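Just one chain follows, in the form predicted alone, and it is written as structure tokens.
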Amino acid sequence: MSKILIIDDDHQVCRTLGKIFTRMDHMVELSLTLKEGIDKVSTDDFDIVFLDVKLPDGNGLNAIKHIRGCSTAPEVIIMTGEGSSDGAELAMRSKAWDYIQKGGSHTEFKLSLARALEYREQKLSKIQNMPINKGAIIGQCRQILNCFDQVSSAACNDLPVLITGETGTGKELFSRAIHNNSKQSQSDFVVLDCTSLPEYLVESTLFGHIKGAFTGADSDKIGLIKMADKGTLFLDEVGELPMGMQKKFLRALQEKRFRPVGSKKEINSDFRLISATHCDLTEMVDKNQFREDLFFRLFSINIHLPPLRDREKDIQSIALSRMEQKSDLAEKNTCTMSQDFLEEIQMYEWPGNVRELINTIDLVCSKAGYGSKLFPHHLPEHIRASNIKKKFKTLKNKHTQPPDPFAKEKMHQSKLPFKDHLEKTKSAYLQDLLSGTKGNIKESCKISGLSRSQLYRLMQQYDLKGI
């Protein structure tokens, strides 16, 4: 039995679809607002979410990525009363499963649901049957678990993978995890940092060269692409690959054949490519700083790594793992963290991400000495300064926030049953809407996103008058 959530402010749509899906032996829950729906997805497990576009408190299209980012990553089926090509395109780019207009038949909803569930069952069975070796990667937060699922999927095929994310988020670690769980794992994992070489050396480094190809070429040299034959070539910071090399590399990637510098003979290399960058390659393509055809080849599979500031629950685990690692290397007890120290490292934003956290742990353990308890005082000055500014800012905002004149009324409302409170809120919203537009129905529909029929029905329901 699958679990389905319907997010739509139209009671009739919710009731109709709820009955249809219940008859299909599925569990169904309903939400009349976007916030309520997102809260449910964040706290419960759903397989499929049917999501309306125009909701009283937001646009459903803007919520797709958030919903897909939840721990169970439910499939999202967009439904709209007024379809548009731009909305459909945005839905597909956000990885929605389908885009359905409400005016269609019930059969269309049933078929879309059935296909989405079939796809989901197949996807989950593959993930469950393919446990991955995570290597040195630490993390249990929702975002990282989603990345592990993508690693598992990428390891099952030979498509190019592009790993994106801020500096220090662990792009090379995830690249190695893909390699180690793939059929290429018995061959070499060859790394090229595209920022580390001057442009005139990139071609010979990648393709190799023969003796006498240029001044200083005293012997034949095998390039990294050939070294990665039957294995994986990892291009770190691929956005720095010179434009002049991008066309040549694209051909090598497509044909698996290339010519070493100075040679007249092509050679083969059956390599798997994984690339990484902290740059926005789409923006670079728009500015003609990166070839569009190469970008689309690299972007076959994209894994985006979250910054450490969005992984607060993982900070302690990463810090403890690093301290245990240091203890094993030193064969003696390492430091322990005080509660104050833990709170400080969880408060800091870590612009350098995991790499900065690990380097900081190494530094403070060395500074404190083996067997010491770590206190905030051991942290670098810039971290403590950043945290104290954040504390004062929070305290200032708390003290300067004006008193709420409606606090008593809100307290009274919070004691109402949820359904009554929701109805009262909707009635107040509609009264303010009609008052602000002086009862102009057309303007009210434009502001609220409601159709004319929906607005008239709600006005009748709450005994409101227009002009």
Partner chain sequence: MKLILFVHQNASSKGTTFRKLIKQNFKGLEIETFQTFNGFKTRLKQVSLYDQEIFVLFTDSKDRLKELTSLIDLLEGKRILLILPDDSNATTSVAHHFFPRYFTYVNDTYDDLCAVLIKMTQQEKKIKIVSNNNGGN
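Positions refer to the first chain, counted from 1. For clarity, every value in this text was computed on a predicted model and none was experimentally measured.
The same protein has a further form, the form predicted together with the partner chain, not shown here; the description that follows concerns it.
You can rule out all but one of 100-108, 334-342, 218-226, 115-123: in the predicted complex, only 218-226 has residues with a heavy atom within 4.5 Å of the partner chain. In the predicted complex, the partner chain stays beyond 4.5 Å of every heavy atom belonging to Lys313. In the predicted complex, at least one heavy atom of Arg176 sits within 4.5 Å of the partner chain. When contacts are judged by a 4.5 Å heavy atom cut-off, Ser366 counts as touching the partner chain in the predicted complex.
Using a 4.5 angstroms limit between non-hydrogen atoms, Pro198 touches the partner chain in the predicted complex. Proximity to the partner chain in the predicted complex holds for none of Leu250, Lys256 and Val354, with the criterion being a heavy atom within 4.5 Å.
For the options Lys393, Lys211, His382, Lys265, the one in contact with the partner chain in the predicted complex, meaning a heavy atom within 4.5 Å, is His382.
With the partner omitted from this view, the residue of Ser269, Ser182, Thr205, Gln150 that lies near the partner chain in the predicted complex is Thr205 [heavy atom within 4.5 Å].
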